[in-house]
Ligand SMILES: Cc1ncc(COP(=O)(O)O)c(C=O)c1O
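Starting off, we have a lone chain in the form predicted alone, written out as structure tokens.
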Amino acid sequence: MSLYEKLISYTDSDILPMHMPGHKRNSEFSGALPYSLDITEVEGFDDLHHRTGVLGELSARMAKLRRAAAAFPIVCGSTAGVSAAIRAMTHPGDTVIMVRNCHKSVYHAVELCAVKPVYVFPPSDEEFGFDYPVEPEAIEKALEENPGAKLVILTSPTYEGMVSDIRSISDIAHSHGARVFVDAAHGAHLGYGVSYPSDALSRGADAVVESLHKTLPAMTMTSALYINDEMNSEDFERALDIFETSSPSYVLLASVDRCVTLLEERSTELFAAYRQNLNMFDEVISGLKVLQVPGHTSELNVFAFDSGKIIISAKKAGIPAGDIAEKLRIAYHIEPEMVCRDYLVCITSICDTKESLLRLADALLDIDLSLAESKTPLEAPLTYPKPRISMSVNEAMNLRGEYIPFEAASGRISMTYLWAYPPGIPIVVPGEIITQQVLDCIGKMKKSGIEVRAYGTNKSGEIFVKTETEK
């Protein structure tokens, strides 16, 4: 039996649970929650940190699906997988090449693992402001300038669906003696349909983390870490033992099991239908006059694009994307995934029906009719300024700091992270100088309704900086 089937069988048995969890599978207290399936590591249900039974079988099935040497189911989100992978693939003091638009979890892992990051900046779209995939030549240049770098860290696909040329980058990295780790949190669905971009592992990456819950039918916090034939799985097992909970949720693991079963049995059928639905969506919105949906109503000059991501801009109308998001929420009861000043993003999946995509398309057409092209379009897209690095994150975190008002922070060295969430990409990390350009960027984001968050802000909203003023 699969894990899910074993849980159902266990629920139907008369076994008395004299063990955790405390709800004891008592339906009187469960409401709509699946307490009946929520168990601990009892006899016959294996151990996530020593998978020799049903969880070992689940891992083997996951590896077969992704043609991986080994696969690790994760129930603490991709954040745990990112930290474990970077820990397993580096040693303290190693130099790593990382794309600047990595998620904050990558920065946290870099900090915890005490490695030295060298940033590569991806090009930005001049019209809409989102990041394009990093060019292989940029990675090669960074490796040439930093001989001995051990790891290249990429985000592919991005939140907006931009896919990097993983094959070329992997070949370049391997020729320089470096390995490649891809944060593919938004790419768990790639590689299952012939009309979709390939997954990162099949394109030569050494290790990949995917969030099953983001784009596949799996519950929130479920993820997977995959490694190729050249990697030592024991290093990853040890790292996951550090970063992943010792009390894993069997409800979440059963969700992974059901997701894997679905892909094993119906992936061809489901992804073919998904493609048909996306094609239908594109046909319906082809009549848009003012709203723009790059990648759908127009081509993107990128290596590859995940068309399951729907980027919507009202730039031609001269209004921020937040206004469109508000209309979608209030008038059409449609909640987008992410709202930036210049565009918003909707995420689709194989679980979206023809009717749900048609509903979104009709809403966009309806909104489009209410808009007119503006003679005063929005100012240039809002992009993050390139950082001025004063010291490494690790050096900064060990220094004394003080709280000061945001408006007085220009020229000071940050002792904290600043980011908008989503997408969770840091604007500033510890050790970087807070320039006036950074403050202006944050001011524009706040003005357009985007919340900028920070570790190390006090109740007065002041920011934590290094005590000395940067000379």
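What you see is a predicted model, and the numbers here were worked out from it, not measured in a lab. Just count from 1 along the sequence shown to find any residue number.
This next part talks about the form predicted in complex with the ligand, which is not shown.
* Within 4.5 Å of the ligand in the model of the complex, counting heavy atoms only, one of 151 to 159, 124 to 132, 232 to 240, 259 to 267 shows up; tell me which. => That would be stretch 151 to 159.
* Which of Ser211, Ser83, Ser170, Ser164 has a heavy atom within 4.5 Å of the ligand in the model of the complex? -> Contact residue from the list: Ser211.
* To do: Please check if Tyr403 has a heavy atom lying within 4.5 Å of any heavy atom of the ligand in the model of the complex.
  => Outside the cut-off, so no.
* Asked: Is there a non-hydrogen atom of Ser78 within 4.5 angstroms of a non-hydrogen atom of the ligand in the model of the complex?
  -> Although the ligand is absent here, Ser78 would touch it in the model of the complex, with heavy atoms inside 4.5 Å.
* Does Ser249 make contact with the ligand in the model of the complex, using a 4.5 Å heavy atom cut-off? -> Flag for Ser249 set to no.
* Asked: Does the 4.5 Å heavy atom contact test between Ser105 and the ligand in the model of the complex come out positive?
  -> Yes, contact at 4.5 Å.
* Which residues in 389 to 426 have a heavy atom within 4.5 Å of the ligand in the model of the complex? -> Going through 389 to 426 in order - heavy atoms within 4.5 Å of the ligand in the model of the complex - there is one hit, Tyr421.
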